[in-house]
Structures are given as structure tokens and as C-alpha cells.
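Only one chain is given next, in C-alpha cells, and it is the form predicted on its own.
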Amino acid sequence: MNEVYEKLKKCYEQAEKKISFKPKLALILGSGLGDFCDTMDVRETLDYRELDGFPISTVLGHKGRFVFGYSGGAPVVAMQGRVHYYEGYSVQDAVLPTRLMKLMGAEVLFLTNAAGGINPSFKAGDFMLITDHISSFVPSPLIGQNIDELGTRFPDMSEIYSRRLRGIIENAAAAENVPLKSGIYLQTTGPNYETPAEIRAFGRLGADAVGMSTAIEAMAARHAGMEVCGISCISNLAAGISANPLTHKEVQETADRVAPLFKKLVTRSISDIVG
């Protein structure tokens, strides 16, 4: 058996013995956004450490657990703390949680992240609906033996972020009076922030925001047949655009400031997607 798939199946079998909840939507919460789970009707939780061989979140503020419950009446599994490639895990381990949530029953993946703004019209605290991404700066999670049980060897990525779901989120934002930008997200490996020269290059490539996650998770989800959507919280202006040095503290402070709007937008969006 494919070693990556064998590890995934073992994690799933262990989770199945501990959790009875069946989610329809998987939500990955980015840096500073983990408090969204406070708005959920929580039924069960599962710490990553309870699964043998499962990658553990090491980033400050990432609790490292799955939260199962209802958001806006919809059955959801939320990752309260994602796993990043820069933490030293293989890219396959970094997307293991995404694949596991698919096996748990989730058909939709809702991605969130904190990102640096490249588009000059963006400011810290804006929300950006992800329309597409650039992932050439990280290895594909599909490298290696294909997991035929999940998807085809050469999956189409012409519409990674579902037009249908983007429309639902745009309508939810309008209904809740939450300002929403849109744009292209670019993933780097991290953990260092980008140089001003890199940011200028990324802007010329067409990127509106940059971060250290999301693209590989979206690719793994599409490979497995999930419908994908995503929102970036523009937590800071990227290097060379901002006059100040970049810090993780700034990311968390911005996320805390806009958390009420974020919770309102995501809750309404999830309810409309699943409902």
C-alpha cells in the first residue's frame, strides 16, 4: 500500500474510534483566527496528539486540535491550528489533516489564513476572497506515488476555488455588510517573511496577497474531489510596502481586531454553503 495513504488510513481509523460526529464542511483556521470555535456549538474535540504519527502544530496561538460541532446549523470540523510545511514536516504530512477531514465526511474545504497584502489597494484588516493561487514556490503535495483511492494522477486545477462557493460568500458578505476584496494568493515556504524584492516580483506575477499555507491544502482537497473556497485576512502590508518590520505579533493583533467581522462572515457563509 502507498505509505502516505497507509498513514492516513491509520489516523482515520483511530479518529473513527474516538469521534462519532460526521461533518459536511471542513474549516481550517489561520493564525489569530482560532477563536472562531468559540462561536460554534461544540460537540466533540480531538487533539492531534491523540493520533499516532499525526503532525503537531508548533506555532504560537495554534491549539492543535479538531473541533467538531455546528456553525450556523451546519455540521463542521474545524482545525484549530493548522500544520505548516515550514515546521519541518513533509508536504504530504502538511496536507494529511485535509485528507483526513475528507475521509471523515467533509465535502467542502473552507480555508482561512492571515496574509500579507501585496495589492496596493489593500490595508491591514481587509478580507480577501481567494479567486486563485500561485504555488510554484512550494512542492506539490501530489508528488510521489498517486493515492488512487483519493483522486486521479493528473487532477485539473483550472478552478481550484469554486465559483459557486465564491458567489455564496460574496452574497453572505453583502448580506452581513462585511467589506470583501478578492484576489490571488501566493504561498511561499516560510517561515521567514519575504524580502521587498520578492514582493515586487510576486506582484508582477499577479499575486494580491502572500502567505505560508493554503495552496497545498487546496490542491490536496481538489485532488480528493472536495469543493474549495478561501478567505485571507490581510494582517499586514507585505515587505517593502509596509514602513515597519514584519512581526507575528502584528498578525495576531490584526486578526484579533477584525475577529467579530470575520466570525460573522464565516458563520453566514458556512450556513449558506451547507444549508
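All residue numbers are counted from 1 along the displayed sequence. Fair warning: this is a prediction, and the values are worked out from it, not measured in the lab.
Just so it is clear, the following notes concern the form predicted together with a small molecule, a form of the same protein that is not shown.
Although the partner is absent from the chain shown here, Gly116, Gly211 and Val251 each have a heavy atom within 4.5 Å of the small molecule in the model of the complex. Residues within 4.5 angstroms of the small molecule in the model of the complex, judged by any non-hydrogen atom, belong to 188-196 and to none of the other stretches in 72-80, 152-160, 188-196, 132-140. Scanning Ile241, Leu46, Val42, Leu246 against the small molecule in the model of the complex with a 4.5 Å heavy atom cut-off leaves one residue, Leu246.
Proximity of Ser235 to the small molecule in the model of the complex falls within the 4.5 Å heavy atom cutoff.
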